[in-house]
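A single chain, nothing else alongside it, follows as structure tokens in the form predicted alone.
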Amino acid sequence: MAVKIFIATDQLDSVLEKLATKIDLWIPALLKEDKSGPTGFIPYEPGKSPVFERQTTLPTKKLLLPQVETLLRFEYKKDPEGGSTSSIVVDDARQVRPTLVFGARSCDVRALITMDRVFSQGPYVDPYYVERRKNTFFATLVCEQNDSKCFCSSVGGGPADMEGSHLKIVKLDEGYVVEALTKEAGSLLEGLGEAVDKAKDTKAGKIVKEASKRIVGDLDTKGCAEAFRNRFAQNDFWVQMVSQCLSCGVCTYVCPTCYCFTITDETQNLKGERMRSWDSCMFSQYTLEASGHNPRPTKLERYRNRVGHKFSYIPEKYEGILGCCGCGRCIRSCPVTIDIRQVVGNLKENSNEQ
């Protein structure tokens, strides 16, 4: 029988405080004091109120792929007799602790399907990502509301999609019903909340059922890969689609499935660190080669690559999955209101015309 508890609204902070003694806890919260300002996932602190009413501005991506991280530390050791460098000592910098993300959205967790295929399957496995993935648990909210930018149903998800989640959260007027979806998650709920009575369980079930039926977004992604190939060389089309773009890269930074990064060595004297940090295919220097040649010199090539990556390259390489989870963050955050749904829709319209 599934472990299920009820948390009254006025008891939420108390329960989260207890939960934080069991595991590193992250919650969606305001990043500034302004209530209408940006939100993101931060480590839980007593008294810090979670923001469940709206999707976070920033995704959960940084918990599994930090914006900046140290991959390893190294030190050159000199030969005490000869004085020359004779060896290098390398220290793996990984420090991973079990973590629970309380209040994720289904689109955030669905994005991990793409991330998992890239970082943990195939011939190249990223041990940093894999270890964090194994130790990160997601308590996912059933979405009762969505805004005009959401289109999760168009890319295989939905408001009540729990694929990849460990706990399900259903918000009632008087509190939250939290259900464990895995055995490990069930142990996290021990000693928390109270039993769920029949009335609350019935009410929660109705909310989940209604959310499961709701279709969010009407973008038709079928045939996108072929349409992209047909449109690839139509520069006039791409000029029209990207004419407003500033190449600021914000769409890639708020995207839960964008994973481009760069690696640099930062050294001081004989010691140093190898750092990995986020990069963006929308930046002009991203593909700049040492020779000075750049295969994507203009924003046309860069934005075309971004659309192709989401709706053509990834589906073809990873057996049909899309590189988009329909969260709509790129649309909300774009300073010039470029809407990727319109681009994809236009991409398919008369795509066979040359």
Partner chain sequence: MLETDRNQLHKLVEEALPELDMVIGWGQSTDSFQTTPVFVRDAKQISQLTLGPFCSQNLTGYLVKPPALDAAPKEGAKPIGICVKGCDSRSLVALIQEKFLTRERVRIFGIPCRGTVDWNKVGKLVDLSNVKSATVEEDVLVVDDSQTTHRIKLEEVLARKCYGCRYPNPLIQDVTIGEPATPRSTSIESSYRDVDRLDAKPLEERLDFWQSELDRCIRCYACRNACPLCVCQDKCIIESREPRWLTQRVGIPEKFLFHFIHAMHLAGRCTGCGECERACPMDIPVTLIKEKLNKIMEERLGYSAGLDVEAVPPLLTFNPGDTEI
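Positions refer to the first chain, counted from 1. Model, not experiment: these values are computed from the prediction.
The discussion below concerns the form predicted together with its partner chain, not included here.
Remark: Lys149 counts among the residues lining its partner chain in the predicted complex, judged by a heavy atom distance of 4.5 Å or less. Although the partner is absent here, Ser187 lies well away from its partner chain in the predicted complex, with no heavy atom inside 4.5 Å. For Pro256, no non-hydrogen atom is located within 4.5 Å of its partner chain in the predicted complex, even though that partner is not displayed. Of the heavy atoms in Glu273, some are within 4.5 Å of its partner chain in the predicted complex.
With its partner chain left out of view, the stretch that reaches within 4.5 Å of it through heavy atoms in the predicted complex is, among 257 to 265, 162 to 170, 213 to 221, 102 to 110, 257 to 265. In summary, among the residues Thr182, Ser247, Gln234, Asn135, the only one with a non-hydrogen atom within 4.5 Å of its partner chain in the predicted complex is Ser247. Using a 4.5 angstroms heavy atom cutoff to its partner chain in the predicted complex, all of Ser36, Gln285 and Pro335 count as contacting. Of all the residues from 288 to 313, those having a non-hydrogen atom no more than 4.5 Å from its partner chain in the predicted complex are Pro297, Thr298, Lys299, Leu300, Arg302.
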